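Here we start with a single chain on its own, the form predicted alone, put down as structure tokens.
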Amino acid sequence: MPSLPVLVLNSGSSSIKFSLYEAGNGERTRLFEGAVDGIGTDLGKFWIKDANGKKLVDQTPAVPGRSVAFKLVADALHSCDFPAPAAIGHRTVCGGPTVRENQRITPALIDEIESYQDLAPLHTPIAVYIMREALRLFPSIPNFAILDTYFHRTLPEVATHLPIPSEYVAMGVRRYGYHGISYESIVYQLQPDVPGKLIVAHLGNGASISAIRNGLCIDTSMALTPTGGIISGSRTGDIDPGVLIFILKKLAETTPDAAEAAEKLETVVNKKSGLLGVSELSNDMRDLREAIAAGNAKARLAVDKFCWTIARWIGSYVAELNGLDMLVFTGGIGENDIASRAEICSGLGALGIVLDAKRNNVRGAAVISAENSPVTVRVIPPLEDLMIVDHVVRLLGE
């Protein structure tokens, strides 16, 4: 196969990340990567690094919205001293019940994904915008939607079917699961010796955990939306539905319009809760660790809640897997927060999870379990962009 530059676009609620890989002749070489951060603020950051880490662009522009953010990316892609992309892969958080397979993007597909944007309200609107812009700006280049939900297509019905009336199930209300590209990349990196009983904890500003048997997902914490499961930076995670009904009734007292009240509730559960809501300080684990060191009790409670919740999920997945061979930490917190890993695992000795304090004193890839630990515990950074490139190459060949 000749040269095949593949562009990866990964959009979030306040950022656009991108990278270009050479994927021809079996290669997977990253040529450059970059990001626009701080969308919606006057304190944006726009940077591009080459394969050696050299900064090619380092700017601090105002980025009031997604149109300005993507124009920065598009202009740079058209002017960079790198090959023009031959294909583009878009990280797509959720396609709803009708878009379950990775596939080439068409205007009709974008409309279908947009119709289910309420399933991932922090991610899908900007992703849809970028898909449309990419088709407009690169009209002759094939674009592909690579789904976070794709890895979770192996979930059994007992996991996907929620305990609700069938009329809502028919509307597509089910467990979808998210962070799937990250989980897939961990399984990829463990090949050819993928453990039969594996738990992966993707811990970042958004956090989730999955149970994987023989390389296939059998359960995952996020459900209909990324709000469910583990407490995250600003999301509640799983919570008594009665709490949501109580809050909604209180909101309705001053917001009689039902749609407006629902939007306010969505803001509460997605943007004002989690680590931020409990600590009343920050959704960033680094800030919370500094506050804990200074004696902040609310920060301590927020982090304790985070670690306690994850330990409970690990215990339930050990039961579901009927044992455990390996536990993997990934994501920004999973890779870099030494204390969180130690606190999560501190009470799991009865499950065969024993950390080595010296081995755990590391950031990045490592085996951190003790020599005598029945369960191997590892830290493995995800390779999401590489997985997206692989899917794009496969789809181009179909």
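Here the structure is a predicted model, which is why all the values come from computation and not from measurement. So that there is no doubt, residue numbering starts at 1 and follows the sequence shown.
There is another form of this protein, the form predicted in complex with a small molecule, and it is not shown here; the text below is about that form.
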| query | finding |
| --- | --- |
| Interface segment, criterion being heavy atoms within 4.5 Å of the small molecule in the predicted complex, picked from 342-350, 325-333, 42-50, 23-31 | 325-333 |
| The small molecule: the contacting residue among 121, 315, 204, 96 in the predicted complex [heavy atom, 4.5 Å] | 204 |
| Residue (of 270, 283, 255, 102) lying close to the small molecule in the predicted complex, criterion heavy atoms within 4.5 Å | 283 |
| Contact label in the predicted complex: residue 55 to the small molecule, heavy atom within 4.5 Å | no |
| Contact flag, residue 363 vs the small molecule in the predicted complex, heavy atom cut 4.5 Å | yes |
